[in-house]
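Presented as C-alpha cells, the chain that follows is alone, the form predicted alone.
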C-alpha cells in the first residue's frame, strides 16, 4: 500500500467493489474496466480509478482488471482474505436476525457464538451457532480470537453488555443500540442507529411528496 492516507470514504466503498466482483465472477465475467464497474456500483469511473490508485496498480493499461485478481487484491487490502471472527451479544429479534444473515449470507464473516442472559434460550441454536450465557464470553473470545462483537441488547443493558465485551478482550464493537457507550481508549465503537436512519429517510419521503428534486 502507498504511504498516503486512504480516505474513510474509499475504505467504505471497497466492500461494495468486492460484492460487485463476487457477482461478476458468478456470471463468469473474467475482465472488467472502470466503466463496467461504474454501471454496477453507481460510482463514477473516475472515482473507482482513484480509489484503486491508493493501493497500487491493480489493472492492465488499456484493458482493465481481471476480476479474480482484482477481487484477491481487495480481499488483501481489507483483510477479508481471512474471515472476520464475530460474536453477537443479544439474542432478541435483531440479534438473531443479524446472526442469521451473517451465518447464511456473508461469506467474509464467521459468527462463532451468540450471547444472552435469558436462561430460557441458552443452549438454543441459530442455524448451527449456539446461544451461550454471557459468562462464557471471555472463554469464546480467547478460543477463537474474536475480532468484532455485534451489540444488539435492550437499551438499559447496553453499557453492562459493552463492559462485558471489553473485559472479554474484544476491541471493536458494532453497536446497534441507540446509546453512546462509555468505553476505554483503544476500543473502537461503530454505531448504527436504525431509528435515526429511518427518521432521516422521512426527509426524502417528504421532499418526494412535495415534488422536489434532489
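Source: prediction; values computed, not measured. Numbering follows the first chain given and starts at 1.
Below: the form predicted in complex with another copy of the chain, not depicted.
Of the stretches 64-72, 44-52, 177-185, 157-165, only 177-185 has residues with a heavy atom within 4.5 Å of another copy of the chain in the predicted complex. Another copy of the chain is not shown here, but in the predicted complex it comes within 4.5 Å of a heavy atom of residue 146. In the predicted complex, residue 119 stays away from another copy of the chain, with no heavy atom inside 4.5 Å. When contacts are judged by a 4.5 Å heavy atom cut-off, residue 109 counts as touching another copy of the chain in the predicted complex.
In the predicted complex, another copy of the chain stays beyond 4.5 Å of every heavy atom belonging to residue 124. Contact annotation for 151-171: a single residue, 171, has a non-hydrogen atom within 4.5 angstroms of another copy of the chain in the predicted complex.
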